[in-house]
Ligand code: GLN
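Read the single chain below, which is given as structure tokens and is the form predicted alone.
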């Protein structure tokens, strides 16, 4: 059974019917994981015997007559999501052997539906970045080019076909940029739709749990399982208040897509043509593409980093070697803090924490942080106004092609890569990344941004366009 050429529902049906056993499917999957991981550095942990035991348990349930919506479906989990069976490293050497006493809600829900976790995937230092370049285990390699980074290890796993679904996190755009660089589909859901319980996020305001898959249909199948109210995450109260049937429509006829042409001026040379062609393809498919403006994108990026850096300083203050984190030998309290945080936080995490502390200091709070909060409000209004003129917005997912694995990018250049994703994070709106075209041999992704709970519409547009332009329908061959 070639996982890239069937849907999650079809895979589950073959297991539920007994045509294929979950154990046999996972056994083959684990073999592929071990082989591909040697060259691509996708996993921090491969589940091995634990995944096989889960698969056997699924087979026993099916023998008793149970039908599970994700029976036997192999899933990867980003290593900032707690999973009690495997170590959760958070992108820090200090947590390599840390076993969480609980499992993240989204992971639990996937497992209850019959999905099987085959491994934890690589991530940046304390999940701070969109490239995996700052990972203590080294970067994940792009399946399209061994000299480039993948952006997201989960996206690389889906693109190579070793799993059908990757559960990931997204703050400033790691999930979406990874999907763009690997030619797969990545969804950041509406804020509050998926519980963040068990997610270690450096910025509480923007971190979300999302999914990566090979099709819009697969993404929505997974979202239906993991979404919903969770009493352990107050932000999911929005699911209680949601109107019945909201966001379930999938009729794509006559949709208007907003195209902020000026935003595409920020792309590196050679990429704008991809999106101009994409606009023509969407118009030819019957969508009405209208011109509009989103002038606050640069200011939105700056506001995102001011707020997220401030929150990273606050969130990382708990890793002091007393309450949380590794304990280092020290002669006094200051030395304990310095050594403990130095062993827990990598270079990128330390940088962001130091900047964040400065931004919250006297004299800087009003000058930077308070102004960033005002920009945050303005950005939300700007996107809401834009979506008052159209049904969906089209934006790039990344400014450039994936970076070189061996090169160390300037950190400010790396931060500016979030220009198109971070502003969407400020709005709390859902965003789905899908292939837009190709630049040389590399896939290039675009974001569709919609109103709250419009994931079903975006996924339907995604699958329709992939069928019409026949663009990377099965990932890497």
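Residue numbers count along the first chain shown, from 1. No experiment lies behind these values; they were computed from the predicted model shown.
Although not depicted, the form predicted together with this ligand is the subject of the following passage.
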Revision key, fill the gap. Per contact check vs this ligand in the predicted bound form (non-hydrogen atom within 4.5 angstroms), the hit among 380-388, 322-330, 170-178, 222-230 is 170-178
Exercise for review: Indicate whether this ligand has at least one heavy atom within 4.5 Å of a heavy atom of residue 128 in the predicted bound form.
Suggested key: yes
**Study point:** residue 305 within 4.5 Å of this ligand in the predicted bound form, heavy atoms
**Key:** yes
Check your understanding: Even though this ligand is not shown here, does residue 352 get within 4.5 Å of it in the predicted bound form, heavy atoms only?
Key -> yes
Practice item. For the three residues 78, 202 and 418, verify that every one has a non-hydrogen atom within 4.5 Å of this ligand in the predicted bound form; reply yes or no. Key: yes
